[in-house]
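Take a look at this one chain, the form predicted on its own, written out in C-alpha cells.
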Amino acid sequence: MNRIELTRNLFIKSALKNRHPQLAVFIVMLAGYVFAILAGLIGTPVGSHNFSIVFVWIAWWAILILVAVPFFGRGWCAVCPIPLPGEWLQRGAVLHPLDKKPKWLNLRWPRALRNIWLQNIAFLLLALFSSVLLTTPTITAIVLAAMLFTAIGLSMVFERRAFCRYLCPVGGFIGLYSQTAPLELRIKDKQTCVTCDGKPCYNGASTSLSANSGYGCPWDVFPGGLTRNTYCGLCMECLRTCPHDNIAVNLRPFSADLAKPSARLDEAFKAFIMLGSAMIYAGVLLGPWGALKDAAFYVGTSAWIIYAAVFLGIIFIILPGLFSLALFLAHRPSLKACLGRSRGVGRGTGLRTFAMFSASLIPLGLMFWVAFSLSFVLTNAAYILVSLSDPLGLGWNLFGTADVAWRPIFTSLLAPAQTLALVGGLIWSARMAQKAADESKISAIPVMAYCFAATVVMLWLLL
C-alpha cells in the first residue's frame, strides 16, 4: 500500500489547521483531568466506584491501548491536557502567537538528557507501584497532579514541551508503539525544506497577521528531518506555519517506521520495559497468585522489595540477556563479526545490532498490551456505567446506572480475541525479524524462537 495524503482533502486540512476544534477538545480533556484529580482526593476510597480510577485506568486506558496508539500513533498527544497550562504560561497566549519572545527562562534542555532514559525510569516507577496506583484513588490523584505541576514547572524553566519529550512516562511508550501506526506527519519535498528561509515550522511564525502564523515545533523536531513517529506529537503547528504547504498527514502501511529501525539503546530498552511490564502485569493483576498480588500491593515490605528486584531483573537482565543470546546464536556462523572483532568493527557494532534487532519486538509488545488490556477492560467495564452516575461514590444516580451490577462482558470472545492478538503479534514480529536478518545476512530463527517463547508465556499468563 502506498502512502495516501489525507491533507489533500480540503476539509481535513482546514480542520487540522484551525486551532479552535483542537482547543475545544483540549478544554474538555483538561476539565476531565482536573476532575479526576479532585475525585481521587475527595471521592470514595473504593477504587472501583471512583471516577479517577475508573476513567483513567479503565476507560482512558482502553481507548489508548486498543484504539489510539495502534491506529493513530501519537494521536493522544495531540489532545493531551497535561502540557496545556504550562505551555500557555510559557507562550503568554492561548491561541494565537504574539509578537514577542516566550516568557520565563526558556532554557535549552541539557544535552546529556536528550534521550528517553528519564521516561523509562518514570514508567518503571509507576509500574513498580502500579498495584497501589490502580486501586487507590488518592495515589492516582497525587500522580496526576504531580505530572501536571511538573509539566508546568518545566515549561517555566525550559523551552518547548520538555516534559512531554523527555519525562512523560506515558509519552515514552506511545512514542515507541507509534512507529507501528498507519498515520504519520511528514514533509512532501525535502528540497523545499532545504531552501526555506527561517524554517518557521521549527522556529515559528510569530506574527498574528500572517496567514501561516504559528508556534515553533513544541516537540523540538525539525519536520524536514522527520523520518519516524517517535518524537512527533501531531500538534499540527508545522502544518499551520509552513509557508510552502510542504507538510502532509499521510495514511501508510502499518509498522512503516520499523523498516529502518533505530539503533538507540534507550529506545531498545523501552521495548524490553514494555514487553516485560505487560507480562508482569498479566501475572499480578490477572493471575491467581495471591502472594504475588500481596507482594506487589504492600509497598515497602520485604516481599515488595523482592518483587521489585525480580521485576527489574526480568526487564534489565533476563529479557535482554536472552535476546542477546538469541542474537549470538543468530550470528554463530560468523561469530567474530558478531563480537565486533573482524574488519575493524568495534564494540559499538554489537550494541547497534542489539538495538536495531530489538525493534522487531515492538509489534509483539504492542499486541501483549492489547491482549492484557482486553482482559482488564472487559472484566471491569461495568464500573464505567456506575462511575458515570456516581463519579465520587457519594450515592448519586445522575444517569440511572449507579446500581448496575458488576459482571465481565464478552467473556466468550475474550480468549479467542487475546489469542488472535498474541499470534498476530508473533507473526508480525517474526516478519520484522526476518527482514532485519536478511539485511544483516544472519539467521532469524533464534530471534523468532525468542518471540515464540515470550508469546507462549503470555498465553499461559492470560489463558
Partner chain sequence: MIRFISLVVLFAAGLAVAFAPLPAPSIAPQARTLRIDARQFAYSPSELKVNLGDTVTVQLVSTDVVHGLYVDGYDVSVEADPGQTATLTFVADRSGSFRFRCNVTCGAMHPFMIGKITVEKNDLLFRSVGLATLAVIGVFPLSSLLVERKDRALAK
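None of these values were measured; they are calculated from a predicted model. Positions refer to the first chain, counted from 1.
As for the form predicted together with the partner chain, it is not shown, yet the points below apply to it.
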For this session: Decide whether T192 counts as a contact residue for the partner chain in the predicted bound form under a heavy atom distance cut-off of 4.5 Å.
Result: no
For this session: Look up in the predicted bound form whether A62 has a non-hydrogen atom within 4.5 angstroms of the partner chain, and give yes or no.
Result: no
Exercise. Can any non-hydrogen atom of S373 be found within 4.5 angstroms of the partner chain in the predicted bound form?
Worked result: no
For this session: Would you please decide whether G321 lies within 4.5 angstroms of the partner chain in the predicted bound form, comparing each non-hydrogen atom pair?
Result: no
Exercise. Is the partner chain close enough to V46, S131 and A430 in the predicted bound form that each of the three has a heavy atom within 4.5 Å of it?
Worked result: yes
Exercise. Can you pick the stretch from 390 to 398, 65 to 73, 24 to 32, 417 to 425 whose heavy atoms fall within 4.5 Å of the partner chain in the predicted bound form?
Worked result: 417 to 425
Seminar exercise, completed: Answer key, the partner chain contact in the predicted bound form at 4.5 Å (heavy atoms) among T135, S213, N203, N106: the residue is T135
For this session: Could you spot which one of G290, G225, P110, G198 gets a heavy atom to within 4.5 Å of the partner chain in the predicted bound form?
Result: G290
Exercise. Counting only heavy atoms, which residues in 248 to 268 are within 4.5 Å of the partner chain in the predicted bound form?
Worked result: none
